[in-house]
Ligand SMILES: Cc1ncc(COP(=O)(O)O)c(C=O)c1O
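Only one chain is shown below, in structure tokens, and it's the form predicted alone.
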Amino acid sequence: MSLPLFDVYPSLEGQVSYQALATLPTPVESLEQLALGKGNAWIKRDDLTHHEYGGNKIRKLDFIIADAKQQGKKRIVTFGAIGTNHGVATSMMCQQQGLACTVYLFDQPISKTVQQNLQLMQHYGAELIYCGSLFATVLRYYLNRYRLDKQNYFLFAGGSNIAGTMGFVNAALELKQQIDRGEIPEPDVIVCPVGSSATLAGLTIGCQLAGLNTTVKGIRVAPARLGPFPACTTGTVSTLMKQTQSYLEGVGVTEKAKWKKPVLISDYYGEGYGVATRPGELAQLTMLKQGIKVEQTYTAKAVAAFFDELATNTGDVLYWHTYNSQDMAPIVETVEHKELPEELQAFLAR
């Protein structure tokens, strides 16, 4: 199937770097059996973006990998928590596309998913550099030796740069095509988790370009601030949106109406990044009965917000599922043991 972004804006083909890595479009499905409130429940299955490892990062990497290769880069340098899904997806795609990958890592609560993701990043050949705190990781990301080499492509955590945001502008246009084909009514609300901003930023821009009246509600699952610096706030999402909007305007895409502002909700964050919440745990159990796997760091908190939206909204509410659902156990079982950095081994042994 052709790319919705190029279907709507044919002049962008050749201007916007893109490489078809994801399996698109992802399905939209009714969750009417939930019967949790007044609203009609729907899910967008971005857990199925790739046959090996799915999730929302693959959509971003369609544009990010293409952008890096177009610039002649040989290595992608990024950062995330020790169980980063972004790190897994990026290292997998880099390996498949012949690029080196370096991931700077910070602490998060240890879970089975965290341990599995560390093994997967090793399996996909990533260079893992453990930094301890989030603050120390960000410093090492911005102040490190790789910046001296122009062949390195620096990618913010979560794949949240302009190229990554374009992945979700395209995603919203994909949803509009599914609405036009009658696969789903136009949602009143889309609920998605927000860590590094690109998913919320891209969907908000894309829904407006698609002419949808849908409100995109992002559920904050990452720290609002990193010391004195904003990390996941309405302001950080707005900044990424403005950068992407300026890019779009530069390639000939304009919006007649005033650009919409992002909606970011912090009520479901709980005690910290990766720390489970009771509403999230209940959401996990409920979704598991529907055959949908969610996890404590990102998606469980977003699903808890989705359930609350369904309880009060009488219209159609869409949960945008961003977590990989592919079974990674067969790959993990084949991973040869490799020594992790000593400091990381000590943290995992606590």
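Values in this document were obtained by computation on a predicted structure and should not be read as measured data. One-based numbering along the sequence shown.
The following text describes the form predicted together with the ligand, which does not appear among the structures shown.
In the predicted complex, no heavy atom of G218 sits within 4.5 Å of the ligand. The ligand is not drawn, but in the predicted complex it has no heavy atom within 4.5 Å of Q119. Mapping the unseen interface onto this chain, T322 counts among the residues with a heavy atom inside 4.5 Å of the ligand in the predicted complex. Residue contact check for S196: one or more of its heavy atoms lie within 4.5 Å of the ligand in the predicted complex. This chain is drawn without the ligand; in the predicted complex, the residue among N170, S160, T78, T204 with a heavy atom within 4.5 Å of it is S160. With the ligand left out of view, the stretch that reaches within 4.5 Å of it through heavy atoms in the predicted complex is, among 51-59, 303-311, 23-31, 285-293, 51-59.
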